[in-house]
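The chain below stands alone and is given as structure tokens, in the form predicted on its own.
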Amino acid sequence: MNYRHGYHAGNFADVLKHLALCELLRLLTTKDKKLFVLDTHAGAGGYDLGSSLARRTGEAEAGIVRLAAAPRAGMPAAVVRYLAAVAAYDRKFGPAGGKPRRYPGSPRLVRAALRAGDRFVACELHPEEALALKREFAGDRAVEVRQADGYKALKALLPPVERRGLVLIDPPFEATDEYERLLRALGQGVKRFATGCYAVWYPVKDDAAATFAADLASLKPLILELHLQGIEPGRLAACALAVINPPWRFEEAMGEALPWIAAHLGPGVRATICAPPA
């Protein structure tokens, strides 16, 4: 439990993950029925891009900072909405101006999309991150923060009483058996709540990722990927988000947004979308 997302907040992986998350939440909240959201590896909630952690890697500069500076002409609607959500969180800490100073983690993006009656449980196992998350939502009755193993939460909280749900699984990938644990927990979750929407983030950096994607094939996910070029050895250069049971028009929105993002994140950035077999 050494992973701290503050080092990576706002990087290209967050751009992919949170763009998709914002669009999933928008589409899933268009229906009047209540929605349950579970974030299994929630992190601290929000991040200071000027902190020592963020400055040490500078990853936000090639992610959200670069995207926020992109021209608005021709920008896909999903990207406009994502950047608006980031800017809205940033404005909570002072007047907007210049490049982003604060970046919302997934819990903040979820909270901003919740309607009255929706329910959100955010799990985080790392003690310092969990404490920060609890402070982030202190007094907010719409958010339940648990210092807990997110994989176990899949079994404990599914199926939800709302019968409609979005589950975000974004592990740190520190453990050598992370893919195995993730696949096992996801399989249990889908078995208990087959109609839920699941968004699963994972790094694409070795054969294990390809094996994992192959193992997911039976669940017929929509897989979104971003690939960078010219990255130093040992640094993350590609990542994916597998979305199981995406809502109607989500694939269409990502098909428009991801190529545009790739074109504006820098030379050599490549986006791919792999639709499940019919």
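Being a predicted model, the structure only gives us computed values, none of them experimental. Residue positions are given as counts along the sequence shown, with the first one as 1.
Unshown form predicted together with a small molecule; subsequent notes refer to it.
Novice: Pick from 134-142, 119-127, 185-193, 156-164: which stretch has a heavy atom within 4.5 Å of the small molecule in the predicted complex?
Specialist: Every other range fails; the passing one is 119-127.
Novice: Answer with one of 101, 92, 181, 205: the residue that has a non-hydrogen atom within 4.5 Å of the small molecule in the predicted complex.
Specialist: Contact residue from the list: 181.
Novice: Within 4.5 Å, heavy atoms only: does residue 38 come near the small molecule in the predicted complex?
Specialist: Output for residue 38 is no: heavy atoms all beyond 4.5 Å of the small molecule.
Novice: With a 4.5 Å heavy atom cut-off, would you call residue 43 a contact of the small molecule in the predicted complex?
Specialist: Although the small molecule is absent here, residue 43 would touch it in the predicted complex, with heavy atoms inside 4.5 Å.
Novice: Although the small molecule is absent from this view, report whether residue 85 comes within 4.5 Å of it in the predicted complex, heavy atoms only.
Specialist: No, residue 85 sits far enough from the small molecule in the predicted complex that none of its heavy atoms falls within 4.5 Å.
Novice: Should residue 172 be counted as a contact of the small molecule in the predicted complex, where contact means heavy atoms within 4.5 Å?
Specialist: It does: once the small molecule is placed as it appears in the predicted complex, residue 172 has a heavy atom within 4.5 Å of it.
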